[in-house]
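Read the single chain below, which is given as structure tokens and is the form predicted alone.
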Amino acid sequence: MTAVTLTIDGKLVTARADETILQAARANGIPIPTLCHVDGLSAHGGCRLCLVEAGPGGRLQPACVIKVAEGQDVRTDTAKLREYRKLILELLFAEGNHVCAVCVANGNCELQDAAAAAGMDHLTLDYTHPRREVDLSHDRFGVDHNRCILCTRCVRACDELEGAHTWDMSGRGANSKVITDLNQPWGESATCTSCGKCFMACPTGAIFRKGATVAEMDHGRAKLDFLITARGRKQWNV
């Protein structure tokens, strides 16, 4: 595979031509925040938290889907980017019902961690307070649409790791939400295998294990990382 040389935050790095800016940056110890991205699953580019300045005029581009290029000059941490990322996080909090103090994922939530890292201690936007339901029809898990950020990680984990494709997206704009099968209650799904991969992939408290109380839920990401690695190496018998 052809190698390319580019500059990231003033550091000269080498990467494979088929790698993304995000992959090249992380391989060289340069952090770029993400929410919808999971290594080993297909890139989605939906949350836009990984925006970087790349190309002529410092064009804003999502690092998780844009490929590296020879001579590329990339900046990952500028005042402009910090402002945009903070605004993205504010929008996510404002358009949902995220009450960290009473969430099962409090202290173990990627949205919460990203907000803290961005220095977001309050909102400058008005809360929309949408009316969203909680589905508790499944025997082992529940889904709280109030905490969902529409990252589609559950959709991709179910499709690409389990092969069930129970989860999908429905609606547009403010009416968008994740659904099971043809918008049936999760507990009535004919395709769900109850494997828990969607739960492990969820970055917030949107998909939770029944019985979990405030701040005690662990998503088990280490197990998901193992499954993704095993899939790539074809180690299904491990």
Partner chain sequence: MPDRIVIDPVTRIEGHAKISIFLGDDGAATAARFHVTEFRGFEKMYEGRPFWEMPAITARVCGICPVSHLTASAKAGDQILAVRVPPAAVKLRRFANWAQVLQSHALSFFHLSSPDLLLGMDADPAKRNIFGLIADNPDLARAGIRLRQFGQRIIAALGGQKVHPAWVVPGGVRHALPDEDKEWVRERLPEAKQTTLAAIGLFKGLLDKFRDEAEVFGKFPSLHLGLVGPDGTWETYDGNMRFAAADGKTVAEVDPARYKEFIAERAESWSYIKSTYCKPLGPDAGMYRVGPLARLNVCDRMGTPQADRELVEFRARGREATNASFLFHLARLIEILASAERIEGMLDDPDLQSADIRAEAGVNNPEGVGCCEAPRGILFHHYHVTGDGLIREANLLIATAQNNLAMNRTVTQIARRYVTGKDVPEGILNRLEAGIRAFDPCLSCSTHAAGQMPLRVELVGPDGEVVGELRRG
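Positions refer to the first chain, counted from 1. The structure presented is a predicted model; accordingly, all values stated were derived computationally and were not measured.
Although it is not shown, the form predicted together with its partner chain is what the next lines describe.
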- prompt: Since the chain is shown here on its own, which stretch among 115 to 123, 144 to 152, 68 to 76, 158 to 166 would lie within 4.5 Å of its partner chain in the predicted complex, judged by heavy atoms?
  reply: 144 to 152
task: Please state whether every one of the three residues Val4, Leu22 and Cys64 places a non-hydrogen atom within 4.5 angstroms of its partner chain in the predicted complex.
output: no
query: Can Leu111 be called a contact residue for its partner chain in the predicted complex at 4.5 Å between heavy atoms?
result: no
query: At the 4.5 Å heavy atom threshold, is Asn175 in contact with its partner chain in the predicted complex?
result: no
field: is_contact(Ala17, its partner chain) in the predicted complex, heavy atom dist at most 4.5 Å
entry: no
query: Should Leu87 be classed as touching its partner chain in the predicted complex when contacts are defined as heavy atoms within 4.5 Å?
result: no
- prompt: Exactly one of Cys195, Ala212, Leu60, Ala27 has a non-hydrogen atom within 4.5 Å of its partner chain in the predicted complex; which residue is it?
  reply: Ala212
message: Could you pull out the residues of 78 to 114 that have any heavy atom within 4.5 Å of its partner chain in the predicted complex?
response: Ala101, Val102, Val104
